[in-house]
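Encoded as structure tokens, the following chain is the form predicted alone, with no partner shown.
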Amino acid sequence: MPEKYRNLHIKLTPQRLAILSYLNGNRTHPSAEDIYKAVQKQYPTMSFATVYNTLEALKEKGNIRELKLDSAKKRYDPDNTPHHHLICVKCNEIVDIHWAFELSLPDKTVQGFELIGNHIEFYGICRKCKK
């Protein structure tokens, strides 16, 4: 088992290792369907449920983030560092923005919430779609 996966706190099967390998360093914010198509080439008998259940387990353990940026499907982000996203409104490409934005909310707005984080989404049209 690769050293980098030892602290994930999930049972590591060959199929899960293939999913983790696909996610490692992946900046495309893939859907479960994208991951299934990519990993099924190596494991043709693997079910979509295996991919989905693995993603859910990784999400529950805090190893990946589920993005709800695309209303048509869930997307997953293996980058757990604080960052924001730029989303193309035509093709749904998602780009990471690693920049800290100073935000402060007035106490009246917070209404007793304990803030634990933030996420900013920027929308635009990517270079490919502008052509």
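Start at 1 and count along the sequence shown; that's the residue number. Remember, it's a predicted structure, so these values are computed and weren't measured experimentally.
What comes next is about the form predicted in complex with a further copy of the same chain, which is not displayed.
Colleague: For the spot marked by F101, L105 and N118, is every residue within 4.5 Å of a further copy of the same chain in the predicted bound form through some heavy atom?
Modeller: Spot residues vs a further copy of the same chain: full contact, yes.
Colleague: Going by a heavy atom distance of 4.5 Å, is S71 a contact of a further copy of the same chain in the predicted bound form?
Modeller: Yes, contact at 4.5 Å.
Colleague: Evaluate T109 for contact with a further copy of the same chain in the predicted bound form, applying a 4.5 angstroms cut-off between non-hydrogen atoms, and reply yes or no.
Modeller: Because a heavy atom of T109 falls inside 4.5 Å of a further copy of the same chain in the predicted bound form, the answer is yes.
Colleague: Under a 4.5 Å heavy atom criterion, is L8 part of the interface with a further copy of the same chain in the predicted bound form?
Modeller: Although a further copy of the same chain is absent here, L8 would stay clear of it in the predicted bound form, with no heavy atoms inside 4.5 Å.
Colleague: Answer for V39 alone: is it within 4.5 Å of a further copy of the same chain in the predicted bound form, judged on heavy atom distances?
Modeller: Taking the distances in the predicted bound form, the answer for V39 is no, it never comes within 4.5 Å of a further copy of the same chain.
Colleague: Give, in sequence order, every residue of 38-57 that has a heavy atom within 4.5 Å of a further copy of the same chain in the predicted bound form, or say none if there are no such residues.
Modeller: Residues within 4.5 Å: none.
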